Every structure is written in structure tokens, then in C-alpha cells.
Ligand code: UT7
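Next comes just one chain, in C-alpha cells: the form predicted on its own.
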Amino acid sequence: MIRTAVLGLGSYVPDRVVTNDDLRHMDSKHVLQEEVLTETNDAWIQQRTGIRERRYVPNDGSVGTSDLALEASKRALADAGVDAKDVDCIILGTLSPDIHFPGTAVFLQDKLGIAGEGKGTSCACYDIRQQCSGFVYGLQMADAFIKAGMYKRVLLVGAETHSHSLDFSTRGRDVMVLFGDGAAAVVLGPQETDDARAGVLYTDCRADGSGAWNLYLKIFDIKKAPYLGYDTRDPEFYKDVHPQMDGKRVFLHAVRNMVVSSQQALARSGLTWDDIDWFVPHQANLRINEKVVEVAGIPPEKVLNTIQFYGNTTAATVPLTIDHWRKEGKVKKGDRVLATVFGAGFTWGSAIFQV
């Protein structure tokens, strides 16, 4: 039978490390000032989020989401031993596209050198907007495509440049401290095997639109005239250009749905934690993940986190975390992962697959 296999994995984060103390002095252009601009500190941030540092791209317009996606994709393709021209489908999850439209996947295709008449495969390009749940949603899509025989080499990418859209002030600190820039990618393809537990074993995706206004960014509100302008002295209008979050409600729903989703993944697949090598939750907040592990009865020694180093990179967090610990020698080829995610929408889901 045909199973979907992870052929290669790669990740990329920008060089600039931004510590919690840096955020206190950082202005909207990411320049550190002598005076304190945001009322926060390292202890406050670590206590609430577990984050110590994150990565930012240069704030000069030279690096966008497709550039981060390109670097991660090249590493995943090299790891898989697959040439870019052999990719017949790109699925890219992001909430921070290069521009409003067209989607970022086509920019990635061009930068990979497989766009243009006579230059490449004219492969399908999908952008998906499931925010922090983007990787699991994309994995479900890729798995269905491959099992149906539609595509043989799918490049699944999560990439984000959050640093361009954050409110660097005390007003915006609850959201600002959480996010970082980064990307990760996997190459997926068909595998002929009699092992029913090989490759991608399980995916499940869910949503609850009643939570849509608990975590959002209104900057492209279609009801408004298509121009961008704002007065920083008007706090109500200023909300439209930065992410807004009801933190308590998001925390509650994240824990509840991630616990149920991970428990259902085991029940429906017929597996136990003895069959799982690693639990990789979405990296939104270390306190959320710790609560999920506690309530769901997940063995703590099987949990992988990287939010301490990278912050929340939304669609990239699951593959970025796996690749980080693979580079450290902890995750090995063939290890079985249970990944559970939760994001704006509300959206959530789980997947069980072999690395």
C-alpha cells in the first residue's frame, strides 16, 4: 500500500537574536534605545511565556517570508536528496505573507528556480491560512494528495516574519513578546510498504469560528477602502494594524482542544505513548504546553519544546522544533512524532508521523 513518507526536513532562522531585555529598549524599527520603551523585563516574560529569546530578520525590507521559506526549503530538499525541479506541489502556511496577494508560495517557487516557461515544472502552489495550525492542516492536505496519486513530491513549508507587524510599546507587549521569525519545511512523497504504521499514520483538523475574534489582525478589513493609513494617537484605529488577542480565552481553548486532540489521536490510531517517541506541541506559550502535558498525562521526557529559543513562529513551530532537536542528536530518522497544534480561527489538530 502507499503511505506518505517524510523524505527530508530543514529549517532556518535569522541570525539576529533578540533577548527579552532587548525588547524593553527596542523601537518600531528594531533599533535599541538607551531608554526603556516597553514596560517589561526578562522575569515577567519568562514567567508568563517561557520565552528567553527569539530571532528577527533585518528591518530594512531585504528579507521577507518567502526568503525564509527559501532557505528552509533548500535545506529540506538537500536532506531529501530531491532536486527542486522534481517538486510537483508546494503548500505554504503563513499568516505573514510577502504581500496581500498573490500568495507567498508562488514567490517561493520562483526563488527556487522552478517558475517560468521552460524553467520548471509549473507545479501547483497552495497558500493556506490556518495560522499556528498551518503545518498539521498542510500535512493532511499533502497526505491526501500523495495517497490519491496526484503528486509525488510535495514541499510543505511554514514560514513567518512576525517582527514587521508587532507593536513595540507597553500597549502591545502581551502579543509582541511572543513572536519570532523563522521557517521550516518538509519534503513528502509516496512510500510502498506493508507497514500500516509507517510514514504519516494519522491527521485530524478542526475549527471553531466562534473564536475568530479572540485572536486576529484586521489590517486588510475588506469593508474598508483599500488604503493603509493610521494615526498612532488614535488607540482604537491603531488596533487595526497590529495583532489583537484575548489571552485568557486563547489559553483556555488551546489547552482544552490540544488535550482532547492528542488523546483522540492515540485512541483513533490504536497507539499508546509507548508507541510514540516524541510529543511536539505548537510553540505558542510554554505554559500552555506544560498544562497540556499535565492534563493529558503525556510523559514529560517525550516532550520537545523550542519556544525558549525562537518564540512563536506559528506555522513553522512543529517542523522547526523537530529539526532543532534532530540537529542536537535527540530526534532520529524513523522516530514517531505526535504533533498537536492550536491557532487563530480557532483552528487545531493533531498528526502522527515518522520523521
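This is a predicted model, so every value here is computed, not measured. All residue numbers are counted from 1 along the displayed sequence.
This protein has a second form, the form predicted together with this ligand, left out of what is shown; the following refers to that one.
Undergrad: Under a 4.5 angstroms heavy atom criterion, identify the one residue in 129, 75, 173, 242 near this ligand in the predicted bound form.
TA: Of the listed residues, the single hit is 173.
Undergrad: What is the one choice in 285, 262, 109, 161 with a heavy atom within 4.5 Å of this ligand in the predicted bound form?
TA: None of the other options qualify; the answer is 285.
Undergrad: Name the stretch: of 145-153, 243-251, 195-203, 272-280, exactly one has residues whose heavy atoms fall within 4.5 Å of this ligand in the predicted bound form.
TA: Residues of 243-251 come within 4.5 Å of the partner.
Undergrad: Indicate whether this ligand has at least one heavy atom within 4.5 Å of a heavy atom of residue 49 in the predicted bound form.
TA: Because a heavy atom of residue 49 falls inside 4.5 Å of this ligand in the predicted bound form, the answer is yes.
Undergrad: Counting only non-hydrogen atoms and a 4.5 angstroms cut-off, does residue 312 reach this ligand in the predicted bound form?
TA: Residue-level check for residue 312: yes, a contact with this ligand.
Undergrad: Is the gap between residue 59 and this ligand in the predicted bound form 4.5 Å or less for some heavy atom pair?
TA: So residue 59 does not count as contacting this ligand.
Undergrad: Would you please decide whether residue 84 lies within 4.5 angstroms of this ligand in the predicted bound form, comparing each non-hydrogen atom pair?
TA: Heavy-atom contact with this ligand at 4.5 Å: absent for residue 84.
Undergrad: Check for me: heavy atom within 4.5 Å of this ligand in the predicted bound form, for each of 40, 44 and 215, yes or no.
TA: Every listed residue reaches this ligand in the predicted bound form, so yes.
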